[in-house]
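What follows is a single chain, given as structure tokens, in the form predicted on its own.
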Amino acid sequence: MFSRITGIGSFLPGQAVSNHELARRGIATSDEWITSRTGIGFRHLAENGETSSDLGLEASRRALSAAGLEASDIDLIIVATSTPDYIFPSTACLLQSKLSNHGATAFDVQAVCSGFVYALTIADKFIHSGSHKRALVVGSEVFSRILDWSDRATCVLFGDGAGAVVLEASDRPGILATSLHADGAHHGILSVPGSVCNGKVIGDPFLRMDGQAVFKFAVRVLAEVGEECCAAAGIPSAGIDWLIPHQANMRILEATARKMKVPMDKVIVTVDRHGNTSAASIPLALDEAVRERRIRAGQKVLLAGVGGGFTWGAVLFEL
């Protein structure tokens, strides 16, 4: 039993917010400062009250439509998010309710920016085991809620959005190989080091990052796990048609491509228009590339993610 992606969808909230608009809002930055360091020009920000399950709902509806399925056909729902609606129940269960799906297995995965790769790998294992037939895998984030808008080193990098895929059982291979890793020893270079206790925030509730340390770590492990995943499938990295890395910033994308010896014209880039949407970034980029008919049936696509934890992983599939 194999699994294949049969439907893809994505959703971005509101209007695109430019670097110039951030500067007009009083953030001590400029378009030149942001674009020269990150390649980011725009991002989307959720409205007050708009949650990860809301964004995920729109992306899921589009993925289900693309697959020609109803929500009731799904027997597994996995949501990758670091910005859940509640402490509990899971965002997956809230999304399940909004989809009017009853009885499917539903849970969240927390691997930050690697979350979608983790969730897709887990769904593939469920289907490969024969226990489930149709999975909805969602990456959805409202990172704008955990940003310190006085910290220009972090707040300009991130955006909100959601992406989803439908993964179905098949007698033909679709997911060709997966690889996941983590090393909690590096948790301090990217985290939200706060919690809620007795109704009060304990610690720091905002995202904090050591940018240089993250850059070095991310480029190394993205390239390594990409090569590892290709090797597991018996395919050289030169044999892939497309590379979709986590859309963190342009420098990381370019450096990863160089290390893997993948030309930039085979790398899908959306970070310039979406910013870093964490677990949503890879499915957002995948959906855009498929809708634009750059990625076509029969092509081999490598997804590679890295996120706080630190976590990292890759999925190689044939569309």
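Note that residue numbering follows the sequence shown and begins at 1. A quick note: this is a predicted structure, and the numbers were derived from the prediction, not measured.
Quick note: we don't show the form predicted together with a small molecule, though the next part is all about it.
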Heavy atom of residue 259 within 4.5 Å of the small molecule in the predicted bound form
no
Does residue 126 reach the small molecule in the predicted bound form if we count a contact as any heavy atom within 4.5 Å?
no
Should residue 29 be classed as touching the small molecule in the predicted bound form when contacts are defined as heavy atoms within 4.5 Å?
yes
The small molecule contact in the predicted bound form: residue 215, any heavy atom under 4.5 Å
yes
Within 4.5 Å of the small molecule in the predicted bound form by heavy atoms, the stretch out of 118-126, 240-248, 159-167, 91-99 is 240-248
Report whether all of 7, 62 and 291 sit within 4.5 Å of the small molecule in the predicted bound form, measuring from non-hydrogen atoms.
no
Just to confirm, with a 4.5 Å cut-off on non-hydrogen atoms, which of 220, 133, 152, 181 contacts the small molecule in the predicted bound form?
152
Which one of 173, 188, 211, 203 is close to the small molecule in the predicted bound form, taking close to mean a heavy atom within 4.5 Å?
211
